[in-house]
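Take a look at this single chain in structure tokens; it is the form predicted on its own.
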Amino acid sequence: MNSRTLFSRLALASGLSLASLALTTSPASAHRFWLVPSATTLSGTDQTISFDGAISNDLFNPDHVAMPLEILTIVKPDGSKGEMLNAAKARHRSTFDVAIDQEGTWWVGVTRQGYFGSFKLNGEEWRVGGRGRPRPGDKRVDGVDAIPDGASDIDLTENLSTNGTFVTSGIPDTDAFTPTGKGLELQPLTHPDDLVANEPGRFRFLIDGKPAAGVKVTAVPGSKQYRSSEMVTTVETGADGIATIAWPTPGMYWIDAKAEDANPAEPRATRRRMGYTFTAEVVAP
């Protein structure tokens, strides 16, 4: 089993409602989900990396709410599940450590699949999905399996999202990017742990295993609180699925890809929204 497949299965097993947490957001929205390691490249397997995770207004500046640790998955280079150490959740951010005991590229993050929308039952409108658990009196169900018989005017959207980061010990490898053939996935031509400010990064994005044209990709450097603008870079993939990003400055970047189509897995759904987000370090030349 490759690491991407294991990652998907482990994260989906968390059992949380997809809509309880927005894993990817647009640059214009108020809050973004992010995960940042204390280092992205290592020379050996006897070191420990610390991670910060949050949902915040300014990238990599924890000013809103902490990342839920229970939805997180760590995947080693050999595809096995890694261990979270010294985990703690504060008001604005979560922190944890990972002991790097294998050479290669590690993946740490979250992937989610679910549905949101609405339906009518006996003339009343109900929602599918939503943040938090339903309260007494809420006309809401958590998933499509809970839509009752006799429901009408069903309007559903499938949401597939991935958000995380990569850490490499030794030589970067590509096992962590083996496609599963489901949804929007990353197949980098420039490894995320091998980015340099004076060299454009090239990333191929796939939808259901095939190169995807017209995927919107946004790159935003962190530390906006020290700048007068966000320095947003926005590009689109070509027919080969490749997006080329020029880095305006060295630093940690939040890279977000989005796509929509009409190919949801659920027959009652009419559309599918997909997101692939990762943080990466762009070093100075």
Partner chain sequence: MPRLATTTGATALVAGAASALAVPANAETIRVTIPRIKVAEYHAPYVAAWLEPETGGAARTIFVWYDIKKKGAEPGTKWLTDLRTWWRKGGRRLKLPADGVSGATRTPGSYDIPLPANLPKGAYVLKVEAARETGGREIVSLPITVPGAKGTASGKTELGAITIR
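As the structure is a prediction and not an experimental result, all values here were calculated from the model. Residue numbers count along the first chain shown, from 1.
The protein also exists as the form predicted together with the partner chain; that form is not presented, and the subsequent description refers to it.
Visitor: Give a yes or no on whether each residue among E103, V196 and A284 has a heavy atom within 4.5 Å of the partner chain in the predicted complex.
Guide: Looking in the predicted complex, the three residues E103, V196 and A284 all sit within 4.5 Å of the partner chain (heavy atoms).
Visitor: Scan L85, I171, A146, A90 and let me know which has any heavy atom within 4.5 Å of the partner chain in the predicted complex.
Guide: In short, I171.
Visitor: Which residue, A66, M231, M252, L42, has a heavy atom that falls within 4.5 Å of the partner chain in the predicted complex?
Guide: Residue within 4.5 Å of the partner: L42.
Visitor: Heavy atoms within 4.5 Å of the partner chain in the predicted complex: which of the stretches 66 to 74, 34 to 42, 236 to 244, 53 to 61 has them?
Guide: Heavy atoms within 4.5 Å of the partner chain in the predicted complex occur in 34 to 42.
Visitor: Using a 4.5 angstroms cut-off on non-hydrogen atoms, would Q47 count as touching the partner chain in the predicted complex?
Guide: The answer is yes: Q47 has a heavy atom within 4.5 Å of the partner chain.
Visitor: Could you list the residues in 244 to 264 that come within 4.5 Å of the partner chain in the predicted complex, counting only heavy atoms and keeping sequence order?
Guide: Stretch hits: zero.
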